[in-house]
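As a starting point, one isolated chain is supplied in structure tokens, in the form predicted alone.
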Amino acid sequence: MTQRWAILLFALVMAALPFIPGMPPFWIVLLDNIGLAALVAMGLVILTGVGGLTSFGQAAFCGFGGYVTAILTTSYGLSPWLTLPLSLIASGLAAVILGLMTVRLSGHYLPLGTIAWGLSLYYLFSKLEFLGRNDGISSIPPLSIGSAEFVGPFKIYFVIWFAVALATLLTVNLLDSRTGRAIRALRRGHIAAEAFGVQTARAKLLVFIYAAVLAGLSGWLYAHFQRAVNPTPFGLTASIEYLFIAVVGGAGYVWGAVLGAGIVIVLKEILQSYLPMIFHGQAQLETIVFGLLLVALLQVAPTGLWPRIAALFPMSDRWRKPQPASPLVPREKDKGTGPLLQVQDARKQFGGVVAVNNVSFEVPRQEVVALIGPNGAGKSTTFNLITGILLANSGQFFLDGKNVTGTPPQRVAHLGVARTFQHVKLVPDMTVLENVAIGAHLRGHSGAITSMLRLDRADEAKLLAEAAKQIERVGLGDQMHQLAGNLSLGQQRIVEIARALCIDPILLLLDEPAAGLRHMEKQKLADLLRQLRAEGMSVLLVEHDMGFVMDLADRIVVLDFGTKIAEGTPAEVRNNPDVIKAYLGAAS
């Protein structure tokens, strides 16, 4: 079953639930609260579980949605439906302002930052006179269509769960897109994503805004459900509970938001109802038991409960075949005569350690140049300098005659430089096809809105077709729909090469591509690189397998302790006494 058919089935089931004979009204109220919590948790799934950004302030965005509609409907007489876009815009604008200050933080500073402004906004809500201070705003008009008013838990139930179903559909569409792959790549760090053109700061801000808008929608619905708002539901305690919901359900799974909301809210209600009776209302024991049960759940299912359920009922579009599409337009290759890449006196220091010491070399057009040296010689650092991941202390870099010194990695990728990494940087819970398609990110154009509305299909088909072509090209067609994390290390390195080829590069940088490959696999890789050279591509290669390098490279550059000690043809380098000394410890 595909995700979208599952959403339709889910919507039909939820629509039928209130009509079950004997359904207690209390359970309808509980389902309403589950739906409201699921909307906020769904935003946290995208923000925390997929994007890797932890937030303890989502309840504050609910407050923006709730207070905006409360003020506009009670003080200015606006229709609640007219306040909906204004509530969402207010939540989104607040997310832009707070996100610009927050999402650039890393490590523990990010969640601490969200706690800080979450607390600040809670106290702001409780101190402002026009928001009613701690008493809040009451007498909020109900939602209505014509003369029909959605008053009471039963009637507003359908509005809440329609919003949940719609949010689920939009979220699934967003993740199943070019933008969604960029977001999902964030969780593995920014380096690989930026190397293929992803604007990581923009992507982080996007998911921050999206999560805030979903929280604002929940707050808007809450205001017209309760017909009153006050600061209490929008404080730090509520934010922590929303994060619990996302984690218990499965922080990386859209459906985990709904499951987690159901588990946490029902569990809280049961404990609050029965534990005081058992213990005669002493010491608020339900809070302690609630915390212990959540810890026990996470011990049993550390990635959340939804992955265990999903394993029993596969529900994903990831196994679909790429749709036939016209090929992406290949990059026009410049037939210049000078060297393609020039590195001039590149120097990089980390404190007192000189990792690259005034290194100069060239990569001619249509040649394979190997960069070799013992471990710690500065080879990968040189790659990072060329691709803009690190800034050189001094020196210059020229690509096809253009000075690219200090150019950010996204721009370097746009100019046609693609790379692999010494330590594989794939997203393990994405398929091979999805991982490789990240390499074509700059060759697509659809944004978040078009993706959510499913208007990106033509663009998406081209990107996936290009990814499939490159996967077939490197000989991994049979593994195209496997999760990347299930492949061997050698196969993962080949996947990285396919991803790099999706850029349609003029210069390909390969960092130890033969590591982990068997003999026949190395031969196939060498044949592929010769084919790429014949097609007009240049290759800069870091590799420790000397047999592989000597058989393939046109020229070799040797580094030792960050300094270039030799350069020449394989035969010249093989007999160079400085190279022999660097590798063997003594000249022969």
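Numbering starts at 1 and runs along the sequence shown. Since the model is a prediction, treat every value here as computed from it, not as a measurement.
What comes next is about the form predicted together with adenosine-5'-diphosphate, which is not displayed.
Residues placing heavy atoms within 4.5 Å of adenosine-5'-diphosphate in the model of the complex fall in a single listed stretch, namely 376 to 384, out of 361 to 369, 181 to 189, 496 to 504, 376 to 384.
Contact annotation for L82: none of its heavy atoms lies within 4.5 Å of adenosine-5'-diphosphate in the model of the complex. At the 4.5 Å threshold, heavy atoms of F350 reach adenosine-5'-diphosphate in the model of the complex. Heavy atoms of Q422 reach within 4.5 Å of adenosine-5'-diphosphate in the model of the complex, making it an interface residue. Shown alone here, A355 lies within 4.5 Å of adenosine-5'-diphosphate in the model of the complex, counting heavy atoms only. If you take 165 to 196 and check each residue for a heavy atom within 4.5 Å of adenosine-5'-diphosphate in the model of the complex, you get nothing at all.
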